[in-house]
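What follows is one chain in structure tokens, specifically the form predicted on its own.
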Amino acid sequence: MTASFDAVIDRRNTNAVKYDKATLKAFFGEENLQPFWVADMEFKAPEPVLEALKKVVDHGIFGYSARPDSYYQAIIDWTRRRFDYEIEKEWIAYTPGIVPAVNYVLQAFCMPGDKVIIQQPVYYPFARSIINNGCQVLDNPLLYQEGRYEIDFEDLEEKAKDPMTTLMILCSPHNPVSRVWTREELTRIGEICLENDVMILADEIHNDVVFSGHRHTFFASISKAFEARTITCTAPSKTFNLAGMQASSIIIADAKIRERFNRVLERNSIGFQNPLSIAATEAAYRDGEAWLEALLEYLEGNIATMKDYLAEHLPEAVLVEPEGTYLAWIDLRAYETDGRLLEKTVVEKGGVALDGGTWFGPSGDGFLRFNFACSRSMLLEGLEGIKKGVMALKG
């Protein structure tokens, strides 16, 4: 299967959020920006997915749709084949996205005032969801040393001991710092949480986008004890550029936890699924593997391009080594320590929209998150925009 990742596809005037002028204006104060922020890709979905969608469209009826056994089997087979983890059909619940799932988990297992551990800098909807559900954010900040992030296990242990702590949201692979946690790191997290009766919500949406020399481990696959206390969130959206399909698989092995979660889904009237998303998910997991392998090779080429560009044009910038995800985390504190000024200037002088590091918590100050899932030519335009913004700061 071949795919042309070098093709530049015009997404303006297609209702794409990252290009929408009103959305850009609301977030950045500017309308005409080259977007490298929202975490979807600039590539067409795999051809088998497009063919499956055409078949549904040609049929012409888009009524209420049940998920067939083949849908579940595609998810089960993919998880076994790619991650050597055996799951069962009954373990899989549907939600229209992982952020909604995070909210449903908080509603099912946390009481107002409970504390929920996150590891900042981290995907910012986590904190927002915790607060919106009346709980308290308990930050276990990642340790940043010599361009690499590690887990502060001593701090994690102290915070897990807090009797008000009921849940930890684990981001694996981690967005935005791009760590693919090792089995040993995940095991230590699990031991601490088990010792302190803290449940784990494992957001593993980026699990397929992992680069050479690294391997993703399903947290729940490490032991039966971990599996019994874990809710795993996965989706084809990052892997196959299907975010707008809003189809996530929430994997829960424990029957009692599953029943409690499903009651919240029922209370929120989560039931039928979009027929197009059913077809897309099944086709992607069944026939999209060759496309994914080609994608990973192209993204690794983009990483090499970013390294070369920064070394030549912004030598004091630090690109945190991407182990997984297509989101680069760039340390620009050598050029500007005021994170908000950095973000504002890159937008206004560089003409590019990126996620500001401050969005991900105070420890993101002075960093930018850069979506590099795009053509090589677009990638270079984005890097040029960052350079222009930084050079403007230098006067």
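Start at 1 and count along the sequence shown; that's the residue number. This structure is a prediction, so every number in the text was calculated from the model and none was measured.
This next part talks about the form predicted together with a small molecule, which is not shown.
Here is the short version: of Asn241, Gln120, Thr79, Ser248, the single residue with a heavy atom within 4.5 Å of the small molecule in the predicted complex is Ser248.
Proximity to the small molecule in the predicted complex, taken as a non-hydrogen atom within 4.5 angstroms, holds for one residue of Leu106, Ile192, Ala202, Ile98, which is Ile98.
Segments offered: 260-268, 69-77, 205-213, 177-185. Contacting the small molecule in the predicted complex at heavy atom distances within 4.5 Å is 205-213. Although the partner is absent here, Cys171 lies within 4.5 Å of the small molecule in the predicted complex, judged by heavy atoms.
The small molecule is not drawn, but in the predicted complex it has no heavy atom within 4.5 Å of Val347.
Not displayed here, the small molecule is kept clear of Ala45 by more than 4.5 Å at the level of heavy atoms in the predicted complex.
The small molecule in the predicted complex is approached by Ala39, whose closest heavy atom lies within 4.5 angstroms of it.
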